[in-house]
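Shown below, as structure tokens, is a lone chain in the form predicted alone; questions about how it binds or moves come after it.
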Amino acid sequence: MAIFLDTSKIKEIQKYHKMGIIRGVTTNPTIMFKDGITGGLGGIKKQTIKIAQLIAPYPVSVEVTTNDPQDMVKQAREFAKWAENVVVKITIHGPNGELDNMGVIHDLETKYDVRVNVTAMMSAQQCLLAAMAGASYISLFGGRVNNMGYNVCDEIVKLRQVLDLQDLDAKIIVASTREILNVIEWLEAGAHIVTVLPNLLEGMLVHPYSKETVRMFLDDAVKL
């Protein structure tokens, strides 16, 4: 899988999807708000369906807008009807540490056949529990872990080893990417997927020495 694009802008998704270098898209209410999506759940639905159709069969993650357990289940089941490749984001717990989300995650995956991406996690321990609950994707916020003074690569290595040992199918997504270097080092550490902002993806592609070399080739071609 390797790289998911972290945006809800159609033009950005089209640009990189045509290159064949992304394997999915991730969004959340913060991303959609920054990208100018309005209209409440109606606006979220409209944009999500556009993205899902554009990148199918690759997954698009869209997050519930509530932390009430019953409403989360209701929203998630509705979101899953929008397209076959919709994955629903649920946070690991509530804003005050409420634990109801784990039951919601388990029910969605095992009872309602809804693919879940558990998000806002900062440790391998959290990710392991989300995987045990049945989550299809487990999102570790790498940049934020690093900002706390820890090297998230250590968490990724431990997590991947435990998932493999326990034969758990959840795919590790490492999000909150801060630097271009993060993408390679996190994949090397064992992440299945790294989410990347469009500007970082362009930074991965374009190198000043590559530009210099291309100019040299073209100049010499003219001389020939």
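Since we're looking at a predicted model, the values are computed, not measured. The first residue of the shown sequence is 1; numbering continues from there.
Below: the form predicted in complex with a small molecule, not depicted.
> Please identify, from 26-34, 159-167, 52-60, 179-187, the stretch that has a heavy atom within 4.5 Å of the small molecule in the model of the complex.
Going through the listed ranges, the match is 26-34.
> Using 4.5 Å between non-hydrogen atoms, is residue 93 touching the small molecule in the model of the complex?
No, residue 93 is distant from the partner.
> Within 4.5 Å, heavy atoms only: does residue 144 come near the small molecule in the model of the complex?
So residue 144 counts as contacting the small molecule.
> Can you work out whether residue 115 and the small molecule are in contact in the model of the complex, taking contact to mean some heavy atom pair no more than 4.5 Å apart?
No, no contact at 4.5 Å.
> Is there any non-hydrogen atom of residue 175 lying within 4.5 Å of the small molecule in the model of the complex?
Result yes; residue 175 sits at the interface with the small molecule in the model of the complex.
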